[in-house]
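The chain that follows stands alone, in the form predicted on its own, written as structure tokens.
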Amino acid sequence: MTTMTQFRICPTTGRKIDLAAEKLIKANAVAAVIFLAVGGLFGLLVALTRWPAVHLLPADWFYLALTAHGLDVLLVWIIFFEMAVLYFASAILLNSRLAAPKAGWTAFWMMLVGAIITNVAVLQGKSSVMFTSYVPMQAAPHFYLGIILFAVGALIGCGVFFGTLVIAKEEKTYEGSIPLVTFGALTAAIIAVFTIASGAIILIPTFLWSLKIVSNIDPLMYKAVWWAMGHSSQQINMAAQVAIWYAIPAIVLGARPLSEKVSRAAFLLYILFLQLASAHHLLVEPGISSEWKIFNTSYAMYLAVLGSLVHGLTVPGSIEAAQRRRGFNNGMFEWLRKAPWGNPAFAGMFLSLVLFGFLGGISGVVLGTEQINLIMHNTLYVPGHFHGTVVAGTTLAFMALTYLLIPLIFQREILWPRLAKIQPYLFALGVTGISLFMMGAGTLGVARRHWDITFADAPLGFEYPATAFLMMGLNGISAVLAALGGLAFIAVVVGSILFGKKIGATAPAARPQPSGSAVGEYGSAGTLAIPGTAVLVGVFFTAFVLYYFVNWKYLAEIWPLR
């Protein structure tokens, strides 16, 4: 079972797996799934309240649920899982021992205690300040304290990751450059350091303000610095999910990137420019100069978009190249038709790629355009965009990777494989509806943070177009579908970990991999014969251009020049 006291040998990949890293991966992944379940429940309550025909919660409970939902799914679930990804991409993929396991456990417990403290603060009913927690709204002191503890724990976890990379390099556990997947994780960790530092800069003074030690926090300064954390935390997700996009085809199909150098350059663009997308939350603020807004939402942000476009080409291109090497060469799309769609890891990854590009990516560029942002900024279009990125993109990618972690790390067979096969499709269908219908309602002007779009108790009446009510009803139905998909995921994961058949040293830990499919292998696909991917990219660009200019036309119609 083990070659050394701290290692075991994976029966499928033949890799050395540090037992300390394995335990930390398990702990962080389990905590992540628990908070996904909690946050998903609050999200369902929010959606059912926004559905006019149901309108489930009163106002105070709605804002409590909205705060808890944002905290648990945008921050806690995702960063816990990212810690598992960092340990996997360093110790496991590099055949290395983990640096400072005790520090890793310190990080885990700080994150867990911090997340629980903040959730308790929210549930106590005096901290319904939503995910943004804008001042002068004030939460209980332990609301901010919990987030600070969580962030510091995550920072320590990043330090363990960096230390493991150093150990692997010094002990020569790999040859050449680090694998592309590890490079993507390194990108996420570097962005995380910036993100956490930004959070500390603003949340520590805000914590002192809640204790009456600091007399005042300037609202504009708070928003500008907070979004360097609030939005950049989603850029950590983006780098991590792209790394997973490369990892899963490598594990399942033996795929290699079309050009590792180009893919690494795209990750570098993320490090240099991706955080600037935070600017789209500040484009309506009068205290920030137009020069700053224009630079951050045009010239600089386009370089981050270029990085995503590169990944959007090379990931499906690597899949096509791998499939064609396996003999699927008939026609333009045989490689796609005969991809392993019954494998939930591959299906979830590919759905994440497509939905992130069409829903989150295109809408993100639209929101990041200063002029168009003015008509969408405080509408439901913004959370619709979030659900296209953080949920349809990141969460679905993390779910997909979990289907590989269960046999490889937890050493359990997948329980209820038929349910696992349909789960990514069910969840993707629900999330697609949520994103589309929220963006549609936002385009019609539906407010982002109001609990009742009928304004039934308002002294002055206001009516949205009838289509907006239809959109919110369809959003509610989509949320139920997404919740069912999320419940199926949790059932499969929890059931597999607790009751799945134990995989022994000689039993296969996952589907047999094609030769040369290890994530740690180097080199490029060695082919540019990817006509199917070229067509798909053309469809994406056509949709991108049409939607972009439709929004400019819409802006011209409601904001005419005289």
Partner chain sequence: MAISPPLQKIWWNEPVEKTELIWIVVAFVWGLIMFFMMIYWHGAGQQNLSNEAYRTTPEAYGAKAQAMIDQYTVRDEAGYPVVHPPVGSDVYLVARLWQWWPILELEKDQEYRLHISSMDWLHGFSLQPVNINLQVHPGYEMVLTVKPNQAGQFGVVCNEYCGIGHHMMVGRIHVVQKP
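Residue numbers count along the first chain shown, from 1. What you see is a predicted model, and the numbers here were worked out from it, not measured in a lab.
The form predicted together with the partner chain exists for this protein as well; it is not shown, and the discussion that follows is about that form.
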item	value
Segment that reaches the partner chain in the model of the complex - one of 488 to 496, 328 to 336, 289 to 297, 195 to 203, heavy atoms within 4.5 Å	289 to 297
Listed residue (His142, Arg448, Lys421, Arg324) with a non-hydrogen atom within 4.5 angstroms of the partner chain in the model of the complex	Arg448
Residue among Ile213, Leu268, Leu374, Leu123 with a heavy atom within 4.5 Å of the partner chain in the model of the complex	Leu374
Contact label in the model of the complex: Pro219 to the partner chain, heavy atom within 4.5 Å	yes
Contact test in the model of the complex: Pro407 vs the partner chain, heavy atoms, 4.5 Å	no
Proximity of Thr443 to the partner chain in the model of the complex, heavy atoms at 4.5 Å	yes
Close approach of Ala59 to the partner chain in the model of the complex, 4.5 Å, heavy atom	yes
4.5 Å heavy atom contact with the partner chain in the model of the complex for all of Tyr63, Lys223 and Thr379	yes
Partner contacts in the model of the complex for 120 to 140 (non-hydrogen atom within 4.5 angstroms of the partner chain)	Ser128, Val129, Met130, Tyr134, Val135, Pro136, Met137
